[in-house]
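Listed next as structure tokens is one chain, alone, in the form predicted alone.
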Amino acid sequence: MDTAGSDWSQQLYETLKRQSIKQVSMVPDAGHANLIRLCEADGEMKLVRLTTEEEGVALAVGAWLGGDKSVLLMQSSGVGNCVNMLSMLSVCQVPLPMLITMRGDWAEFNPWQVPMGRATQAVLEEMGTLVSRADHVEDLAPLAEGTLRIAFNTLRPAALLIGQRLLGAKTFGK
């Protein structure tokens, strides 16, 4: 899994820095592991470990009201945990960019991941989230930049789905 993860993770980290992201919230995820390490080592970013993904939505609201920009890192399986909280973002005009590593699509080994993986984009869109998808490493940085900009420029939630073709498929034992 993730043979070039450090390269694309570095690109995402640099994008977060350019956009003045101060808070990064996440439930630990192997797909985001390199990015998490980079954010954790940054003295200007606060990395917040969550017990469940919807806590990240609430933290984003608090950060925005306090004058800071935040981003939520999660796996597609966590999107289902956020549905009720996501409705607040559009209604209250709070921006939240989300970088979501996908499970349940290309070459998935775990059948439990497939239903939410297939529903992720539709669920996000139904809750008013603008969604883009990166399946190739060369598309990741420009799409991440666009996701951050549209979220903060339009005061809406926006998500970038990072596909398994880019991440590499997980297998048993990894």
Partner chain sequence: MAEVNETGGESLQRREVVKALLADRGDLLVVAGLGAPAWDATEAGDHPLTFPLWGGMGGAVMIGLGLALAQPTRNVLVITGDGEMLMGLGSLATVGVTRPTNLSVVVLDNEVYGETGQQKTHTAYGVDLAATARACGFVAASVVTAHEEIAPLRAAIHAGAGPLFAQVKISSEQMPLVLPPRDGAQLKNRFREALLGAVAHTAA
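Owing to the predicted nature of the structure, the values given are computational and were not obtained by experimental measurement. Numbering follows the first chain given and starts at 1.
There is another form of the same protein, the form predicted together with the partner chain; it is not shown, and what comes next is about it.
With the partner chain omitted here, the record of contacts in the model of the complex names 49-57 of 110-118, 49-57, 31-39, 136-144, defined by a heavy atom within 4.5 Å. Contact with the partner chain in the model of the complex holds for none of Val131, Leu166 and Gly168, as no heavy atom of theirs lies within 4.5 Å. The partner chain is not shown here, and in the model of the complex it never comes within 4.5 Å of any heavy atom of Val123.
Leu155 belongs to the set of residues with a heavy atom inside 4.5 Å of the partner chain in the model of the complex. In the model of the complex, the partner chain stays beyond 4.5 Å of every heavy atom belonging to Val83. For the chain shown alone, Ala63 is a contact residue for the partner chain in the model of the complex, at least one non-hydrogen atom being within 4.5 angstroms.
Of the residues in 66-93, those that come within 4.5 Å of the partner chain in the model of the complex through at least one heavy atom are, in sequence order, Gly66, Gly67, Asp68, Lys69, Asn84, Met85, Met88, Val91, Cys92, Gln93.
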